[in-house]
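Next comes just one chain, in structure tokens: the form predicted alone.
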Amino acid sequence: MKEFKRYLLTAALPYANGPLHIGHLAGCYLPADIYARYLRAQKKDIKFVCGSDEHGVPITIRAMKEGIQPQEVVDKYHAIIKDSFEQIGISFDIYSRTSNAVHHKTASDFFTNLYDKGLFEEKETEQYYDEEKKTFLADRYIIGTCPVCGNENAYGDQCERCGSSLSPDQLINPKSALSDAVPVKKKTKHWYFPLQNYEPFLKQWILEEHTDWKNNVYGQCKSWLDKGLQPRAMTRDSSWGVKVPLPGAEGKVLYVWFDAPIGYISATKELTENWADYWCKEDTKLVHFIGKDNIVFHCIIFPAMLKAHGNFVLPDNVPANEFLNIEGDKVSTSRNWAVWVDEYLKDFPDQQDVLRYVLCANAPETKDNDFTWKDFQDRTNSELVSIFGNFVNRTFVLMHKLCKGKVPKLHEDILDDADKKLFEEIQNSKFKIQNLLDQYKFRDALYEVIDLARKGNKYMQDKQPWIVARQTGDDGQPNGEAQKQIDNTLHICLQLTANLAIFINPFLPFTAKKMIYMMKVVDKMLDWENAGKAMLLSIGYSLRAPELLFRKIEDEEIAAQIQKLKATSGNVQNKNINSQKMEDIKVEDSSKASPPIGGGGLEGALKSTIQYDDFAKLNLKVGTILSAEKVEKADKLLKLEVDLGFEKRIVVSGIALHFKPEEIIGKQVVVVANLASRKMRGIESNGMILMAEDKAGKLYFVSPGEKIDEGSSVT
């Protein structure tokens, strides 16, 4: 494995035309922050950069709608976004903005470098123009009727009802989103980057050298490269942005996706005079944290730009996440279907780590996931409060009660197998967590931390020092042998607590701070080199009184948040507030007890009528069953490994009474691939197999008529 001297982490520049929502956090900022904090704990040379993306059409559109200047828009939202990041604990080394002078110069110089090399092709084309607003229209700001499904509010690049990719010329009765005027075609000149010339380089660099990238990243890049790359315009007609530094280019600015990623470079320049060490030296590890909608720009377009310029390092990895939906529906800022970070911080003061925990534990690392307020409550109460917080609190309470508030001695002469086993678990956890973090598997790493606390709870429950304390001498205090047992139990629990503070720090930094305050130790104890050590707290050291790390989330709070979401959304009636409402779209859940919910069979009544939008939420994929086995102590459940082409998944299905495991291996099935994961008998199930049921209650697989490629879509 290549050794790196320094690390440069970037997180996608958020558009400064609105506040930050939890989908943004889950997509790239929280994973990036966890990784940055982990590297800092390892004492790595690291720079973590980001900033507001303050150019592009959405900025000018909002300015027009509000009757203000674009600068006023970006000033307002840059401040809101920056404050949200700081309050939620995203630890950027710098949070800059692309309206800064240093960025304009850096982007302009970059363009000039490519222009001087003769790389751009100048073309004159016809584009849609709004004569009323005197502006050229980007695809997104042309609205018309979708030629596929008839949606009258389809955009010039996509129909959000049926999901079809479109161009403005395909729309029926197109109109400007700015004025409702019918746009006209008008000639305009732009400079095109010959992306197709970098296809051989990109194929080797990505498809041969980076096969270790996440499946969603590698697959999307391969799809683009297989189709063939085309020249791409790197300038736009606008008065807002980085001006094209060429004579005769008045009214032209750099395309926002040429301009924005250069913001990583200009932010690093602002941060340190040694910026070139992080961008130009081969022993730098560059990692881009983004959402899946930015994969092409960060893996194909920006690397091609860097290659064309020369002297820059290329990203070592781009661990893009999928999307986080909310209460069964995709985030929509236009409909206000979102949980805004600044509002969360007001509604749940001092609960930053609770949101960080839930978003990481439910992170959309391999597929779209769903945030529900009920899950937020359940994870907080059953995991943070009942497992992690409970263990730490019990340890401190008993230490003060039974050991005079000091770290007790470890009596090695009476150590038993359970004591030794927990010490081993602490050491093993370090390597498990470290290995997972190195692979950007933050959700699994967090699970290991909580699981270690769970093991601590079991150890304490088995040892029962409060019961042992009843073995008293004449003075009413625990006798000598009993006290030694108590000492050992609480000594080990305290050392485990210290390790938990180190392990949880990248994920929940505010919690780690509370823990080291209670332990009366300095921040240095959180260095990764201390993880796994058996002696972090000195014997006889006095510790502070316990403080509750987390509080329970009450039903009333959750009800208020759901009501708030419904009330502020512009189109509430079609929202899926119940995260279990998949049954409403006539798909039976074969993972539940048979017969399926809803009456089942041919005689079951039809459920309520749905819209196309409801059905379109389903991501149905063809998969092949690779293995099948009975789930222990569950008569109706089979654990299936299913090959979906782009990845293999575990699906738990309630079909064991109908099929023997050996009978269904190799069977092709239809899988609901974007169903939120759920644990069943301790196994995480990631999907749902579609089944049909006859009058007698017998189940049949829903399968393609003949064998087709795994991962094929069912529409």
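Residue numbers here begin at 1 and follow the sequence given. Bear in mind the structure is a predicted one, so any value in this text is a computation, not a measurement. Take the two forms, superpose them, and find the largest set of C-alpha atoms that agree within 1.5 Å; that set is the rigid core.
Not pictured, yet referred to below: the form predicted together with the RNA.
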Query raised in the report: Does A101 reach the RNA in the predicted complex, with heavy atoms at most 4.5 Å apart?
Result: no
Requested in this report: Determine whether any heavy atom of T10 comes within 4.5 Å of a heavy atom of the RNA in the predicted complex, and answer yes or no.
Outcome: no
Query raised in the report: Within a 4.5 Å heavy atom cut-off, is Q230 in contact with the RNA in the predicted complex?
Result: yes
Query raised in the report: How about I467: is it within 4.5 Å of the RNA in the predicted complex, going by heavy atoms?
Result: yes
Query raised in the report: Picking from 217 to 225, 109 to 117, 172 to 180, 523 to 531, which part of the chain touches the RNA in the predicted complex when contact means heavy atoms within 4.5 Å?
Result: 217 to 225
Query - Sole residue of H491, K367, R356, H288 within 4.5 Å of the RNA in the predicted complex, by heavy atom - result: K367
Query raised in the report: Considering the RNA in the predicted complex, which of E425, D487, E383, E199 comes within 4.5 Å of it through any heavy atom?
Result: E383
Report summary line: Checked 243 to 270 against the RNA in the predicted complex; residues with a heavy atom within 4.5 Å, sequence order, are Y255, V256, W257
Query raised in the report: With the core lined up, does the C-alpha of V468 move 2 Å or more between this form and the one not shown?
Result: no
Query raised in the report: Is V385 among the residues whose Cα moves by 2 Å or more between this form and the one not shown after superposition of the rigid core?
Result: no
Requested in this report: Spell out whether the Cα of L229 moves at least 2 Å between this form and the one not shown when the two forms are superposed on their rigid core.
Outcome: no
